[in-house]
Structures are given as structure tokens and as C-alpha cells.
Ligand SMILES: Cc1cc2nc3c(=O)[nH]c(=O)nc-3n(C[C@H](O)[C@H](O)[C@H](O)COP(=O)(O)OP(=O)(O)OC[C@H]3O[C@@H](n4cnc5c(N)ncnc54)[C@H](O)[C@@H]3O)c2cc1C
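Next up: just one chain, as C-alpha cells, the form predicted on its own.
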């Protein structure tokens, strides 16, 4: 669809006294597949591993963590023979399903960093800044065109009651040297016009938006150019500690190696302790058809920031290079972390998210949705990446980004490599590298708790009562909300 295409208005339905678009009608022609991955520029698959091989380093997982680990391992230690195996295709897991908002923080935001590691906050802030500088330099060094726009990220208050917490976040960011602007209602709507917005915090440096699949595909090309042996359609079947080496079996081959990076996210790899510390929740995302210039003018967004709102069950949104709006939220949980729930393949799953889009942008009643998809989030109790050794120190597992892994995955991979190879590095002196997140209750308690929590999310802001009390209780236990 070209920019000049005029979209027909979606059918409207009466909700109270306000006419709103019919979300089901707007989803009728939607493709249930990630917008980012539906691209003719997607690279061909690397061959499946067939036969037995050895390597100095094996990386399991072809998402951001695994790819960053492969690139950085070869840059730091060019002599290493590195093998990377991916169960499906590079970027087809969590990495190619993300919203693609780049954040400076390696800790799911500055307030979460202060909550979890108050004594290390200055160093963590430096790590976040250095990480983004390295992120940008890598893209330049390998010529990776990932549609990056360094235009900042903005948190918008959707209720007047959220303005005081937003101001507290502003003061916290100012205290730590961030270039932030606090906007009132009118100033916010000059940036992005929505009748819901009461104010905003705009963080203007070292953050922005990226095409996540193009980023992953670019890192794949970089890894191959550095000599990494990469095999797609090669799932890990078993992993065995053989004393001085680790033996990994795949459907048609095997790898024997002294060191393994497990960048597998929420996928189960046969190490029980990992699944006690990380759980998979499902995020859901919509992509609109490309907005025309006239439609885009209705809402403004001249600075094209990535946006988060302040609802308990938050929404986030950003523009693509072609002016599609990516609109995400509506988190859910499925028993035992089901990696491919049937609900993600049903249009009805996205109806409430579409309704939230139209409430946010009623000016865009004539906009339909081209794509809808679900994707995993590797949730952990501290809400930030961790790296933990297993198999007698020969393997390190890196995950737990809790939705902030697009840029933090570079730092996580670096931290994991430093632990695995016992390399001196400043983060190893801090708790982020030495403390692990606490256990999450097992099934069925995990499922029951998640169901109650996500039910509480829906309506907590307006209803309060037991829903707000439940969420406050979960937060008091140390879980990020």
C-alpha cells in the first residue's frame, strides 16, 4: 500500500454515546504474523547442523542475545571457533516480535534500577550509556541498516493521577544526568495528539526506535563475516555435562565444546533451575497499514519518539519507516509457558488491543490493521537481565530482560561472555553479575498467580479495590510491575 492510498473507514459501533470503530471489522483482513518478519529482504536460512563437530564456544539461540554474543566473542577473541545453533530461523523468536524501542537502561528503566540495585546505580547508568554507544558503533562498523532513529523515548500519563509519579521519574532522571523534558498536557499533545494524554516525560538522548528483524539479520551477517558457523533449524535436543566438556545433541548432529552461552530465552534447554527463575509471558502487538501524510498529520508525532503509557496494563507504540503504527500491550500467560498458544492465532485475541488503539487515537478511525502477532517475554523477578553459570561453570545462561532486551541484550551477552571466560570487567564487581533473580513459584501456582495478576491489571487503574491491593502486594514481594 502506498502513502497516497486512501483507506475506507472501518465500520463503527455505538459504545455508550460515543461512536467507535468496530475493532473486529478492522481486524478482518489482518495477517496473523509479525510485521517485522513479513519482509522480502529476509535472508535465506543457513544449513542445519548435520554430523558431529567441535567448537571452542557454542551459542544456543539465534535471537539478540545469541547474535550479540557471537559477534562480541569473535571481536574480543578472534581465534575462537564459534558455532551458533538456532531451533528455527534467526529472529523468529522473541527478537523478531518486539516493539523495537531502544532504551538507554540495561535495567528495565531507571526507577527499576534504583529499586533493585540502589548502591550500584551510577555504574549501571554508565553501562547503559556505553552499551548504546557500542550498539551504534556496531551498526556503523558492519553497515547494518536497521531503520534506527535516535529520537528518544517518551512516557505519557493517561490519567491526571499519574502526573506526580511522572514528575518523580523526571527528578530521578535529572539527578542522574539524563536529558529529559517534562511536558504538560498541551505540550504533550503537540508531540503526539491523543485525548488520553495528560502529560509526558521525554528522554531525548541515547534512545529511539529500530526495526528488530533487520537488526537481527544484520547481526547475523556480521557474525558470518567474522567466521561464526551458524546453523538454523537446529534445535538443542539434550545437553550433557561431560566433565571437561559439554556435549550438545541436535536432531542430526552434535557439538562438543568447553563453553556454552545459552541465549535461549524462555525456551527449555534441560536445566531445571533456569525455569525456576524465568517465566514466559505473552505480549501482543498490532501494526496498522501505512498512514498517509494526512492521517499522520491528525496526530502529529513529528519527532517520532517511542512511547510508553502509564497504565498498569501498559500500551507502547512507535512508527515504522513506512509510517505504520506499531501498537503493543495486552500481556497474558499460558500454562507452563506455552510457546505457541492457539489464542495467538485467533483474531479475537487482538480485539481489545484494537479497541485500546482507537481509544488512544480516535482521529484514526479509518485506519485498519495489517498485522497482529504474539511474542514471548522472558520475565524474571528483578525485571532485568541476569547471567548465571551452570554445568560446573562451563555454561552461562543470559536472559530475564522482561521486555527491555532490544538494546540491553548487547550488554547481557557481554556480561555473560565475561563470566564464562573469566575476563576482568567492571560489571563483575557488582551485584548485577553476582546475584540471580529469586525463584518464581512452580505450576500450577505460577499459572494461578499470573491469571489473578493479569485480571487485576485489567481495570486496576479505574476500579482500585482488590485489584490495586493485589498488584501492590506483588510489588511488595519484589516483582516488577
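Everything numeric in this text was worked out from a predicted model, so none of it was measured. Residue numbers count along the first chain shown, from 1.
This next part talks about the form predicted in complex with this ligand, which is not shown.
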* Structure fact -> Only one of 155-163, 175-183, 400-408, 360-368 has residues with a heavy atom within 4.5 Å of this ligand in the predicted bound form, and that stretch is 400-408
* If you check in the predicted bound form, do 61, 269 and 378 all have a non-hydrogen atom within 4.5 Å of this ligand? -> yes
* Asked: Is there a heavy atom of residue 264 no more than 4.5 Å from a heavy atom of this ligand in the predicted bound form?
  -> yes
* Asked: Heavy atoms within 4.5 Å of this ligand in the predicted bound form: does residue 115 have any?
  -> no
* Though only this chain appears here, would residue 88 touch this ligand in the predicted bound form if you measure heavy atom gaps against 4.5 Å? -> yes
* **Touches this ligand in the predicted bound form: residue 333 (any heavy atom, 4.5 Å)** => no
* Answer option from 278, 94, 213, 200, heavy atom within 4.5 Å of this ligand in the predicted bound form -> 94
* To do: Would you kindly say which of 372, 354, 101, 223 lies with a heavy atom within 4.5 Å of this ligand in the predicted bound form?
  => 101
